Every structure is written in C-alpha cells, then in structure tokens.
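In structure tokens, the next block holds one chain alone, the form predicted on its own.
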C-alpha cells in the first residue's frame, strides 16, 4: 500500500476553484534536510544517497534523478521527489555527521500557477518582484502569498509551483482564483 493512497486533498469537492491556469498537483514526497554545506562528508552522503548535488547559492534549485532540492536557507533544503521512500533514502547518515532529515510530505500541497498572466497574479498576491531579471526559472523563495506562508518555485517561463500549508490551501486557491478572474 502506497504512502499517499489514503491521503485526502484539501481540495476534495472544490474542483470548481481551479481553472486551466491553476491546478492542484499530485502528492509528492517532501523532506526537510539540514546540514553543513561546507562539510564534504555531508555533501558526499547526499550525493551518494540521492544522486543530487545540493544548491549552495541562495534561492536556487538543483535537480537529480527523480528528485530536486530547493534552497531554503544556508543549511536547509526542501527535497521533493516522486519516490514515497525519499526520507528513507537519507535515513543512514555516516557516523558522527551532524544532519537532520524530517519527512514533511503531509505539510504542504503544491499548486501550479501557469499561463501568460501567472506573474501578474503573483504580483497581486505577494510583495516580491517577479520580473524575469530578478526571479527566473530555477529560482525559489519563501514568502507570504495571499498572507499565507508559501514557497514559490519558478519551474518554467510562465509556470510556478506554490508550496502551501494544507490548512491554508483552500484559502490560497480561492485567493488565486479570484486574482485570475481579471484575465479570463
């Protein structure tokens, strides 16, 4: 039986919230990873475990086989993957390695906002500058979106993944749907 098999989306029965420009994404494995990026043992362990090099530059993303890492802070990353056992891939750090691995898969849902007006909708909902010279593909930021804590990742030219806490997911989806009305 799969980990996500019995999980229920906070959007059940709310499909009318979504348009072509806003879609709920399937559940994914999400792991909060903490460690010293200057420690070669830590970096080697992550590379060996996930075939992934962590992004060390602020607000960047790196991708590996079946997973990606979002830079959240100088010693913190959110690792996203389709493998439900992602946390177990990191369950055996080398002896004496200072690190923390926490499965946070149930913490957030992912919304995809896309289309030619996605940047406009984000600008109406958040105080950050989303102009392409400032925020582009492969970048990520933690911020407030519609007054709710969120992680925003630009996955393509006009595609964004919005990582929103489950308890605020309907509210944020309603806010974004309302912001999209102007462009439909």
Partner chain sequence: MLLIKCPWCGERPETEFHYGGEAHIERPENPEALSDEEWANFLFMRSNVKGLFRERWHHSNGCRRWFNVLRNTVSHDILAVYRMGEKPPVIEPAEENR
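These figures come from a predicted structure and were not determined experimentally. Residue numbers count along the first chain shown, from 1.
The protein also exists as the form predicted together with the partner chain; that form is not presented, and the subsequent description refers to it.
Residue contact check for residue 149: one or more of its heavy atoms lie within 4.5 Å of the partner chain in the predicted complex. Contact annotation: residue 62 falls outside 4.5 Å of the partner chain in the predicted complex, judged by heavy atom distances.
Although the partner is absent from this view, residue 87 stays clear of the partner chain in the predicted complex, with no non-hydrogen atom inside 4.5 angstroms.
At the 4.5 Å threshold, heavy atoms of residue 34 reach the partner chain in the predicted complex. Comment: 141-149 is the region of 113-121, 141-149, 37-45, 62-70 lying near the partner chain in the predicted complex, near meaning a non-hydrogen atom within 4.5 Å. Of the residues in 106-141, those that come within 4.5 Å of the partner chain in the predicted complex through at least one heavy atom are, in sequence order, 127, 128, 141.
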